[in-house]
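There is one chain below, alone, in structure tokens, taken in the form predicted on its own.
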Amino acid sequence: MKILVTSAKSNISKKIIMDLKKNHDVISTDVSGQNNHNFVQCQLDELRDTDLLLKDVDIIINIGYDGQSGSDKILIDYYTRCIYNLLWSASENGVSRVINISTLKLFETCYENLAITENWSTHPISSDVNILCAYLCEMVHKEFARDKKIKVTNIRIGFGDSNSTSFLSDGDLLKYLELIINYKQQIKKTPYQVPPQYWETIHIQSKVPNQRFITKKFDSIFDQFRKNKNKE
């Protein structure tokens, strides 16, 4: 399986790339900067260059939060226009799926005692450009899913240090991401604004005392996934 990982210079991408290379053909990209990590530099601007980047790619893993740096204007442009260009090229070049890595910080302003699930509407902090960009990036992905252009798995990951109730360890992130890559969604016949086979959001964090975010969806999906794998 050929996987493209975006924001190659970011810390999260470096960890993901190193782990995925054990089992997959992985390439990575970033828009600019000193290229000492063997990534493909692409501005996600000219569609021809983006088309070439996506040649034979099966899955894109997009870093939808905290993958880029720069001014507010640069960040908003990247997470909207550039991601739009990436998804357009993906839909035109036969990429089967996108996994967008977002953040549970979209609910950071909610009271900790609330039982937040994937069905909740997000509460982005507009004064924090990185949170705002994570929200905008999700919306761009959702519009492509709404138009049945490409299948999107949107995962919102935990945050904070090991003492935090919303913590996600690197080990858990990499283990869960591998499961998500291999997971085949079970479609439920339920009314959706967006076709369910094209859009799914999953919350993940580590099992910690007083765990802040509900991850029952992840647990139920992947308990069944593991059972099916054991039968094979």
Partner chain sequence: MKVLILGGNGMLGPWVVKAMKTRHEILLTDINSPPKSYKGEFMKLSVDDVEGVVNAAKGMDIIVNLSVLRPHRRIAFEVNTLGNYSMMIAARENNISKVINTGPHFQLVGPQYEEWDFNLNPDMPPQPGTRLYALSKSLGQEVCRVFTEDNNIHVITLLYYNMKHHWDLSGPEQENIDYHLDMNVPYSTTWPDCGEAVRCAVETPIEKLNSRCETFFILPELPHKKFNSSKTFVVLGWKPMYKLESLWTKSNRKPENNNTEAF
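Positions refer to the first chain, counted from 1. Just so we're clear, the structure is a prediction, and the values are computed from it rather than from any experiment.
Not on display, but discussed next: the form predicted together with the partner chain.
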For the three residues Ile3, Ser13 and Ile99, verify that every one has a non-hydrogen atom within 4.5 Å of the partner chain in the predicted complex; reply yes or no. no
Interface check vs the partner chain in the predicted complex: of Ser127, Ser162, Asn119, Asn113, the one with a heavy atom inside 4.5 Å is Ser127
Practice problem: Although the partner chain is absent from this view, report whether Phe144 comes within 4.5 Å of it in the predicted complex, heavy atoms only. | Solution: yes
Exercise: Val140 in contact with the partner chain in the predicted complex, heavy atom 4.5 Å:
yes
| query | Does at least one non-hydrogen atom of Lys149 fall within 4.5 angstroms of the partner chain in the predicted complex? | reply | yes
| said: My question is simply whether Phe107 lines the interface with the partner chain in the predicted complex - judged by any non-hydrogen atom within 4.5 Å. | reply: no
Partner contact check in the predicted complex: of 38-46, 53-61, 24-32, 200-208, the stretch with a heavy atom within 4.5 Å of the partner chain is 38-46
Restricting to 48-75, the residues within 4.5 Å of the partner chain in the predicted complex through any heavy atom are Asp72, Lys73
